[in-house]
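The chain below stands alone and is given as structure tokens, in the form predicted alone.
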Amino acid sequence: MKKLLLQLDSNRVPSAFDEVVAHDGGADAVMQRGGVTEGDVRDLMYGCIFTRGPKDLRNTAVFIGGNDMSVGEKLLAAAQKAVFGPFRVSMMLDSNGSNTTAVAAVVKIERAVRDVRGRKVLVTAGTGPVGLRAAGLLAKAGAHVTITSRRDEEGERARSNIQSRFGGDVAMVCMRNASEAAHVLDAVRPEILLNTGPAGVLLVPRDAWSKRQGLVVACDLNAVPPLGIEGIEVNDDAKGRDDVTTFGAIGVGGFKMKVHKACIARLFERNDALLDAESIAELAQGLQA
């Protein structure tokens, strides 16, 4: 029996990236649906769960993507509401690659410091989809997390959402541009610095982080020049720079791809798996070990 993956994408045009990874992860066929809204989900899910007997439903799974994680969360909630009893299929949420990217970065960081509990972490541009997930996972693991935002209101809303979703200790500080980075690092005094800002935007100049006392790890998820943390290279993978262990976007991205493919494979092992940030993190920890 073929392994079928239904891709529910909130974008008008479904992601080709997610389609390719789905095939590489073990799906025999990917049924892409674009521009999906909450109102569309129930009937699409019914098409999945009523076409195969309960014992065969592990061969059908659902992947939820698109650029907007908040929309993805709503699609996931609608999909969960549509299944019942033995009529279930496994589901994965990874809108904008947010879960797999955030998880890959967090696992790399955790491996570098062994234990993030009690560590001070600064997540620049922490209001974006990857920043929200990464900050939440680090806070849940016991780190003292501070996120930055260009706007106070947006930052406080993000901080509240992270704390509500993941718990832990989360603070917010306003950082409007790279000129304020040194001041923010002086105030927060992070041991771990994680940039999750947009592509091609420098947020942390080299003189703001290089040789900074107490800083142990710096990770930049921006792969487009100018990079987000000046002085880190995209291929850095536990590279020592100025007494700091550094990770670049490609250094993290290779592991992100491994996690993404492993998640697709996991979907077809049973018919009731739910892969969101925490469960993806658990899977990734096993891969890294």
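Residue numbers run from 1 along the displayed sequence. Bear in mind that the values here come from a model prediction, so they are computed numbers and not experimental data.
Heads up, the form predicted together with a further copy of the same chain isn't pictured, but that's what we're talking about next.
Proximity of D276 to a further copy of the same chain in the predicted bound form: non-hydrogen atoms within 4.5 Å are absent; the residue sits far from the partner. Though the partner is left out of this view, L4 does reach within 4.5 Å of a further copy of the same chain in the predicted bound form, counting heavy atoms only. Proximity of H23 to a further copy of the same chain in the predicted bound form: non-hydrogen atoms within 4.5 Å are present. Although the partner is absent here, T37 sits close enough that one of its heavy atoms falls within 4.5 Å of a further copy of the same chain in the predicted bound form.
Residues I250, M257 are the members of 237 to 267 with a non-hydrogen atom no more than 4.5 angstroms from a further copy of the same chain in the predicted bound form.
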